[in-house]
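So this first bit is one chain, no partners, the form predicted alone, shown in structure tokens.
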């Protein structure tokens, strides 16, 4: 027998006709006959927020993703009621809301191009199992439309034709297209008619995205609870979309410069003699390295915030000795707290009721590395404050410089779903909920608490934190890596895609376990991985001790020499990367740009995967196949200098590039000025009084920047930085370099060594700040070289007869 109740439970429900509308400053309210409410908030001229309610009432507005520092404000807002719709106009877009069913269309105001439109629009199913709604949104997927983003998904960069699940998951030895894995970043960028827009679905329940897989011309997203609450972001440039999203969800502070150096890690380096053996070998072989990591074996029985006194009898002395040799110590901390009545962290958590509980009262108990554990509720502000305070001994007293959060999905062993049961309860900052809602932000809130603790006890230095699990906005607190990968060529490809995807998802400070965490790479694979990771923001080797050694000298001497060469290149490029990082922290500009972000108007870039732009001006393309002597790659618009040969290549085409095992395709955009440090064994090993400026000639104009500060601490926030803006102007027989300086920081640098590449004329005269200089100042060592004072304003090189 089929009852009416059963019929009512089947299928989707939809908004009916609009019966009321009102405006409250920047927020518009629409209500339908069946009590569906739509709230549209105009945050910026190209940024709208859409919230839907099926009851006519909205829950308390709260989000872990949105930062209080987001830029808000618009220049124009006009609303016009028409026969069939309401038209909302800002300076950038026109948004039409249909009176029938609340379906939305959004147009570019400048030229009337349709950017995005609802298909079925908002609809829902009532969830009788858990209560609330399964909320859904479907939009038209236009012919030729492409999609990018969603964080660390290990598949093709272009999401078209794929479906994904967002549920933070411990995914040991995942493979290509494994889904879900460690992070939930429900934000994507759409590209249609050469115009880009973004959609951020701020819903922490288990969610799904379908990019025209089930139905060819429909893209949809839905969640198993919560609100249909999404932000529409209009570019029209992809970089603008990502910058606006990053501004909305939060930009990080500058990391200390050492955090951008090379890091060495393994599960696990112990005892102390082994740690010292590894660090001594780096210095003996003159392979630069800034950080050494301690995995779970440094603890007493895997108890967080303890030390195994047999392995590490005097950790404070050891950490101090490592620091004297240039190594910063980074220690792992997991969320599972061992159930042990004699363990002080456990006792404090128990006494203050800080651990997560099941719906009917008992604490959630799960097995992790220490055995049976309880887990702090990081969604409770009191718990976060307590957790932050636990770092005093590690950071302030012992001198550890960074903290590594792992297993924070949260991962639980020996249970089918790998995590907490759905009925676990969370405070959620005074918005009580089940684990269904809190799961995806658990790791983020652990990283947040860790960040504040490390920041407090590192002061006046900057904190360094790294996390495995994340939700949108986690980039405010921490760096990340891509989890437990495998030592094979497929994972080299995956690492490249994941770091690009994370950057276009607002999370630029990312890298992979170089060489693979599981299994063992051979020398060629390890070398190719080091080459790729040289151009990733986070640069760390990490491996499982179960599968052998994975230090730079593990393989033969030839491999060691090549690895050293690329790590040295990374240290030379630190000022360039640090400048790009400053741009990221100031404006949200991604540190890594896929080719489609660099030139979205070139359809050839929409499905390119391997090539990417590092910073603003370096084109990199890893070799991802064995036994390769080179590879074909796509060179985007502009002209590019081969970094190794200085050959000038015209962009907009695919070409073969030689790259034997000791090389990798790297190109520099013409007109660029790249600052480089001398090679150091660790950051601040040397007082750098001379910085090289690699100048790449261009007929035309190009701007470059170079940001400097103390490389740590917070003085840069008070104006004590030096931002140098270089303007290069190239003509047929003339090259002009102008410098403008901002900020009050006094650098150790006294001189610049200019190295000029690709100059098409013979220099006859040189003028430095209107003073004629002798040609004797020029040297020829493969390229033209000249040493000048770092405070110069203008330098002119003139060719024969002074012709322009």
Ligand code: GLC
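Keep in mind that what you see is a predicted model, and the values were worked out from it rather than measured. Residue numbers count along the first chain shown, from 1.
One more form of this protein should be noted, the form predicted in complex with ligand GLC, which is absent from this view; the next part is about it.
The site is open: after superposition of the local C-alphas, no atom of ligand GLC, taken in the model of the complex, comes within 2.4 Å of this form's backbone or C-beta atoms.
Interface membership of residue 369, defined by any non-hydrogen atom within 4.5 Å of ligand GLC in the model of the complex, is confirmed. At a distance threshold of 4.5 angstroms between non-hydrogen atoms, residue 726 is out of contact with ligand GLC in the model of the complex. Although the partner is absent here, residue 693 is not a contact residue: none of its heavy atoms lies within 4.5 angstroms of ligand GLC in the model of the complex. In the model of the complex, none of the heavy atoms of residue 164 sits within 4.5 Å of a heavy atom of ligand GLC.
Proximity to ligand GLC in the model of the complex, taken as heavy atoms within 4.5 Å, picks out 292 to 300 from the listed stretches 344 to 352, 208 to 216, 377 to 385, 292 to 300.
A heavy atom within 4.5 Å of ligand GLC in the model of the complex is found for one listed residue only; from 574, 390, 407, 93, this is 407. Here is the short version: of 659, 332, 618, 633, the single residue with a heavy atom within 4.5 Å of ligand GLC in the model of the complex is 332. Of the residues in 472 to 489, those that come within 4.5 Å of ligand GLC in the model of the complex through at least one heavy atom are, in sequence order, 481, 484.
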